[in-house]
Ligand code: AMP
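Coming up is one lone chain in structure tokens, specifically the form predicted alone.
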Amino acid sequence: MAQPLEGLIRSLPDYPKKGIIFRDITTLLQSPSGFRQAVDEMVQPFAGSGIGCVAGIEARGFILGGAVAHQLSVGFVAIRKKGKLPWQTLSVEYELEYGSDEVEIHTDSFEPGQKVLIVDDLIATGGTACAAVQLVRQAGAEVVGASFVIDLPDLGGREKLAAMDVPVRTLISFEGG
């Protein structure tokens, strides 16, 4: 029987800075049944859609994305922060609240036209997720969806992905960011 996943998320007020409530999924990952349920629910809407690869966003997206890729019997591509990949890369820079950041993949990460599912633990403002979509598309692949455990709807990331024609699956929403 499915359990409410919200109870497996640890909420830490004022972390990493005052006014932020950090949503910690490590407690979810520690629960064998909760982890399995989350992965199953992240996969479900995309099963049978011809996905050829899962792309996970650094770092918790690696854990979840690897499990989702295994469940779908497809390969996994790591979307990394700039400077972490050892070979030729494609990169996309994106804006943060203060400054910018950059994500990269290897140039040979996807086959042309390959259907890709993007996975991460949380969608907030959407900056990193939108950069991941741009990166996959820059590589010549097709983003068929994005799957997250947590949505912070007040921060608008889901709407930004929808504006890019990316279907979004989230399992839990926490109001107020």
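Keep in mind that this is a model prediction, so the values were computed, not measured. Counting begins at 1, following the sequence as shown.
Keep in mind that the form predicted in complex with this ligand is missing from the display, and what follows is about it.
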Among 63-71, 120-128, 26-34, 43-51, mark the stretch whose residues have heavy atoms within 4.5 Å of this ligand in the predicted bound form.
-> 120-128
Students should find that, of V39, A141, L152, V133, the residue having a non-hydrogen atom no more than 4.5 angstroms from this ligand in the predicted bound form is L152
So, in the predicted bound form, is A163 in contact with this ligand at a 4.5 angstroms heavy atom limit?
-> no
What residues, if any, in 16-43 have a non-hydrogen atom within 4.5 angstroms of this ligand in the predicted bound form?
-> I20, I21, F22, R23
